[in-house]
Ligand code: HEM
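Given next, in structure tokens, is a single chain: the form predicted on its own.
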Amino acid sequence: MFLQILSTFVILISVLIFIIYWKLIRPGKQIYNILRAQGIPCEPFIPFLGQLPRLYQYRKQNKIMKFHEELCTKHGSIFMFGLGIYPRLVIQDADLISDILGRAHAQNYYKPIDLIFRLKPLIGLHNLLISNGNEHERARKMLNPGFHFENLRSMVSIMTDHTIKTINELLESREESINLQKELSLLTLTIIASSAFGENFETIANAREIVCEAFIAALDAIVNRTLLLIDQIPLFSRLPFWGKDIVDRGCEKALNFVESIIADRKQGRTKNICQRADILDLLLQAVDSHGKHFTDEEIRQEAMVFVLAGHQSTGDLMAWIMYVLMTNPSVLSACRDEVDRVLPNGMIPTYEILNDLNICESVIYETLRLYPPIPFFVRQCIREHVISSPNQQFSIPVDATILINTYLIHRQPKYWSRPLEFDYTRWMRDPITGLRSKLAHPYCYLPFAAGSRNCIGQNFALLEAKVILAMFVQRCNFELQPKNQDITMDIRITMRSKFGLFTIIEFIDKNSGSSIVAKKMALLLEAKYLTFSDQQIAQYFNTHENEVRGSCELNIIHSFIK
């Protein structure tokens, strides 16, 4: 009897071990073997773990990018390492990347299964970020009109209004220093929600703070669960431990926010403020080539992605831009001189005038090069094919997952002169032709990825960044406080400063104490709680400051008060 039980137990254990090997170890090992046989350098194959323990130690020291830099130094521009049970083929060569993202082979790649599995609790499966194939192509076609030229033009006034409001709130703050990173994230959330979902979204109590904080906490928990292998084992991923409650709470709060936005539009409490249909209009009304609308689930999940992904990356970009300006006085001075020339006397930017901000635009592009908010993106091969460069070619097997590290590609001497130096002049447009210098390679600069899966909102993000940059430079002095604060890169899905960006913000004072702008602002703070007509505003300011004259000045002041 004992021998029978023992025999049965041994058989069961053997079957379990075989299933684990067949399902969890063998697929990754096969990919390793195929790529190693082609001469691709590989980190040691360690079942279940790969290089995750080492990556986890680097994360604890806030040095995740250092881990990747060391592997690139060791192996070169193409190599393999293990992320738990999932191997990663890292490719940093622009010729090979063009074969992956370009039209010839883009259809051979999907978003990876493990990425989808990790993000599913937060944003679901049916959205532009992680859907694949025909579903992604259908949604992209239906939503593209939301970023039409005319819509972008009409969104500029939304951007300027909310930026003015944020600047005023920051200037009124009694705090010695402000976490500018957090405030910029809140601003970009306000802009994307207003532009995509219409007016009055802010009537949802504490919506901005709730969504931002919940989203960041959920992303942090997702990264930690990945490094602990929790999300790679289906049974463990369902257990209420290891930060699952944080992910669930973040998802619930963001979903409540999104559902409130959708309900408000359906019930007429909000309306579109763009020239054409905004994103919410398209989600509710657009039809595909077969006459089908988005389902209710698709509407919620697409809206969730626009709210969460649409603001976080741009908010982080703006924080890095402000960091660059505060640590490079010459860059700040160049931006301010251009803004004062193009937007004199506090003029509010318009879509047409923004095109003249060549230096500001170049600073944005250079910041995206050195501090890309999305420092990695991944693709999973679904059809075996060959990629090549002039000196090498490789056969990519089915299920191989490609990791492209934009942070490191943007810093390769092969593609960039003085790669670690912040040099915005490399992006300056020729004053005669209006063209920028040609890149060393079309695929060496990938802040928004490339190809059919590039960022649908990249033009919106660049326009938004230019508006915020110009208006902050025009109206504020800002400096780091404390000056020696720890600016440590923290990489979840986006790359941001781990401890924030603490800043002192003051009225701009170009005349060292007797600035007309400062006087106007001081009067504004005194008058803003009073209800004045245009005529009364003019009389009030003329009484207290005889330098405030003219309809142009009046319009600027009035826009601040509004």
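Keep in mind the model is a prediction, meaning the values are calculated, not measured. By rigid core we mean the largest C-alpha set that fits within 1.5 Å across both forms. Start at 1 with the first residue shown and count on from there.
Absent from the display: the form predicted together with this ligand. The rest refers to it.
This ligand is absent from this chain, but in the model of the complex, do 306, 309 and 457 each have a non-hydrogen atom within 4.5 Å of it? Answer is yes for this spot.
When this ligand is placed as it is in the model of the complex, which of 162 to 170, 370 to 378, 414 to 422, 251 to 259 ends up with heavy atoms within 4.5 Å of it? Every other range fails; the passing one is 370 to 378.
Examine residue 136 and determine whether its closest non-hydrogen atom to this ligand in the model of the complex is within 4.5 angstroms. Close contact exists here: in the model of the complex, residue 136 approaches this ligand to within 4.5 Å, heavy atoms only.
So in the model of the complex, does any heavy atom of residue 319 sit within 4.5 Å of this ligand? Residue 319 lies outside the contact set for this ligand.
Wondering, does residue 84 line up within 4.5 Å of this ligand in the model of the complex on heavy atoms? Contact check for residue 84: no, nothing within 4.5 Å of this ligand in the model of the complex.
Does at least one non-hydrogen atom of residue 75 fall within 4.5 angstroms of this ligand in the model of the complex? Judged by the heavy-atom cut-off of 4.5 Å, residue 75 is well away from this ligand in the model of the complex.
Looking at 111, 88, 126, 492 here, can you tell me which has any non-hydrogen atom within 4.5 angstroms of this ligand in the model of the complex? Result of the distance check: 111.
Between the options 277, 449, 284, 217, which residue brings a heavy atom to within 4.5 Å of this ligand in the model of the complex? Selected option: 449.
Where, within 177 to 195, is there a heavy atom within 4.5 Å of this ligand in the model of the complex? Residue list please. The one in contact is 192.
Aligning on the core only, does the CA of residue 403 end up 2 angstroms or more away between the shown form and the other one? After core superposition, the displacement of the residue 403 C-alpha between the shown form and the other one stays below 2 Å, so no.
When the two forms are laid on each other by their rigid core, does residue 282 show a Cα shift of 2 Å or more between the shown form and the other one? Passes the 2 Å threshold, so yes.
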